[in-house]
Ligand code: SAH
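What follows is a single chain, given as structure tokens, in the form predicted alone.
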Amino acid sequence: MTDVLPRIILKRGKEKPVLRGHPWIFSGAVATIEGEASPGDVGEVYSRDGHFLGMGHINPESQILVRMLTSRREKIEKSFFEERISRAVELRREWFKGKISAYRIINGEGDSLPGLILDRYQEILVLQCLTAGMERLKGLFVDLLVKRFKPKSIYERSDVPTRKEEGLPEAKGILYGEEIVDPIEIDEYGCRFYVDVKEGQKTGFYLDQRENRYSLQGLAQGKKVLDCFCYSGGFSIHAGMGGAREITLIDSSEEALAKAKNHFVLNHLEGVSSYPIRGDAFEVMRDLEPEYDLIILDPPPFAKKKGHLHGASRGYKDVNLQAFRLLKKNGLLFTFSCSYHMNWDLFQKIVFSAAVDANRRVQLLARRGHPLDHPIDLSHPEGEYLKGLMCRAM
């Protein structure tokens, strides 16, 4: 860190979100930048009246010009990041010890490390650097992680489109240790899964749905289950372990369905009647008969941008309408949105509008969201992207 840091001067009145702890400062809130500022530099942030507000990573090429790291004047160096990593590790240590072998260690803004994601799969760590500031520190993080965790390998999965908004190319590959040849076998509350950290979704697996999958084990006994957008069958496996008598899986990917089949074998669930269907869930559901006790809707994000929200709302309504049509009396629906532009209020209105059009009375039994290893900073509502409703159709 140099002695003289760039100074970000905000427009009058734009300091309020920063004072409330929001970690993002958009370019439109900035009046001027004093000094040389390159992508990934650390800079100081000031109000228009000259009051010091904190320090963060700067990227003049990004719409999010500053990602706040601290509200204090301090050295942003190795010991700073060691302390943040230690804090994140302590949060997970007791919760997951001996129960699961795959979880998130660092969740970006939720762990006060904006732009950094770290997931653990057994003895393999998977790192994502989503911002110019974290990209610069990649070597430092590898050193710190090797020292703390002594992993077999650290693999990078920074192959996400959001890197382009930071002026960064997508990147993936081994950063430390052994080359990863085979899928990693993980344990999730007694269920076993194969994880491909090189090519799998996100960093290899949907860790954010772990607790929601697990909840099916206490609800699936004797049930006929429909798992839509099933990917590699995570929800289906937990339902099978919970005693489901029949499971239908829908996904557009033949490869995903093949992975799901392998997971049934891995968990010794060959005795459960399972019916994989490759196709568009919207179309497949229209041709099914209304005979299901439990339906899971876990679609990909329909609204990746705010401008997509109107079309996404139609998509969510359509698929939930079909689900309510297919549920037996007193059947359960687990329905999710992973579009962070879709807020809780709108999502619930869409689901209940679908219930009205399907002529079903519906009880809301629970709201479901992120697991404990995906903490959300209350000052950063954008971090709460996963929203789920557990409903009973009467």
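The first residue of the shown sequence is 1; numbering continues from there. Everything numeric here is computed off the predicted structure, so don't read it as measured data.
The same protein has a further form, the form predicted together with ligand SAH, not shown here; the description that follows concerns it.
Using a 4.5 angstroms threshold between heavy atoms, Leu116 stays clear of ligand SAH in the predicted complex. Ligand SAH in the predicted complex is approached by Arg213, whose closest heavy atom lies within 4.5 angstroms of it. By the criterion of a heavy atom within 4.5 Å, Ser253 is counted among the residues contacting ligand SAH in the predicted complex. Though the partner is left out of this view, Asn262 does not reach within 4.5 Å of ligand SAH in the predicted complex, counting heavy atoms only. In plain terms, the part of the chain that comes close to ligand SAH in the predicted complex, with a heavy atom within 4.5 Å, is 244 to 252 out of 244 to 252, 174 to 182, 139 to 147, 70 to 78. Interface residue among Leu125, Ile295, Cys230, Ala102 relative to ligand SAH in the predicted complex, by the heavy atom within 4.5 Å criterion: Cys230. The partner is absent here; in the predicted complex, the one residue of Ala281, Ile154, Ala88, Leu269 having a heavy atom within 4.5 Å of ligand SAH is Ala281. Along 323 to 338, no residue reaches a heavy atom to within 4.5 Å of ligand SAH in the predicted complex.
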